[in-house]
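This document starts with one chain, in the form predicted on its own, laid out as structure tokens.
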Amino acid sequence: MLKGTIKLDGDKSLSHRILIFGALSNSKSTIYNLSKSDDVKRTINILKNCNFKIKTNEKFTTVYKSKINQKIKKFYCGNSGTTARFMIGFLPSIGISGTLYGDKSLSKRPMKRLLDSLLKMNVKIKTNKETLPIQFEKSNINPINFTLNHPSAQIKSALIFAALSSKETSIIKDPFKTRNHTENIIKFLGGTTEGYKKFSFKGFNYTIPGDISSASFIIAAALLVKGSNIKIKNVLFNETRTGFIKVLQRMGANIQLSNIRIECFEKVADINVQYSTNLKSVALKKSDILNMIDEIPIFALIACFAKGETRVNHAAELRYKESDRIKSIVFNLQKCGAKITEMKEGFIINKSKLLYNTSIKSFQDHRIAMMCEILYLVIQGGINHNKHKIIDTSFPDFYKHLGSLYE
């Protein structure tokens, strides 16, 4: 069983964004609880290679601007799609030229929607390809009046970062109500989100709440392992990121929230989770998918234990993640005996009796790897000692936290 209380490293999405705003501030900024994930390290390294000063110790990270001085011409994004998309908007707008490239997985992920939008802002993209590597040149940004035609907070934020270098106002509308972390940070810094343009702000202190996407795997383990009772403190509970929790509560999961408050324009809460029997199935709506897209792999595992038929549709975006997550989920759960049927934009799951199968695989996708590790814990009754390094992409303390809670 899992017992005890933990705190998680800062949310990965917020960590990328606040580092960039730290680089744009007029004086030193101090960031507490920054994510230690490999993805965030990619963003840090790129900023350092543009001569932004970033120092990290066990307690906090400091960021401050120096004269921009490009040290390299090729910027490595690793496996981080967030880093790649943000930097395509950010670097040309601050006077940097070069090439963004990534690992084998990231180099397959589509960038066309973002590139088409940035070209309208006069970002000089030299590559005709729709994937990394992408060459770009320093650019004078033109204002844009743009409405997202696809639900992507990364595209929205990349456009905002480009717009923040111009003295003219850009209008960027989001009818899908995707993650609003960038907008919340701008409000925290005294800017406006009615339109986006260059504004001046001093260095700041900012504490990042725990990563809700990382928390989802610990939550799943507690729900499925008999006798479990845990608390995760200081977790990000932004309304655009709570789909996973709300869906689980509809399914009858024993999850309670406490100590709910607003910090730096973000909602934060403590989450208590207890072992839950009699989970019932659910059909996910489009709005559910949007607010829990990163949690679909671990949700699929939980659905195997829910009475009835669970349907996941409108999730085509999963095909374009670090792996084709629809195929990755279906492959692994089928290997373990799940009654799961793949569809074009999702899958159908019926309650199943699972057995762990040693031929399951991560597809070099951190969230698939964590799903498989929670499956191992639930079925085998212990923590797998064959650790997946790929998990460090988003949750380097995954095994440490599981070990601290497992009795």
Ligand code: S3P
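Owing to the predicted nature of the structure, the values given are computational and were not obtained by experimental measurement. Sequential numbering from 1, following the sequence displayed.
Unshown form predicted in complex with ligand S3P; subsequent notes refer to it.
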| query | finding |
| --- | --- |
| Stretch in contact in the predicted bound form with ligand S3P, which is absent here, among 152 to 160, 267 to 275, 201 to 209, 96 to 104 (heavy atoms within 4.5 Å) | 152 to 160 |
| Contact residue in the predicted bound form, from L284, V225, I186, I293 (heavy atom within 4.5 Å of ligand S3P) | I293 |
| Selected contact from N238, T131, T82, S139, since only one has a non-hydrogen atom within 4.5 angstroms of ligand S3P in the predicted bound form | T82 |
| Distance check, T393 to ligand S3P in the predicted bound form, heavy atom within 4.5 Å | no |
| Heavy atom contacts to ligand S3P in the predicted bound form at 4.5 Å, residues of 178 to 217 in sequence order | R179 |
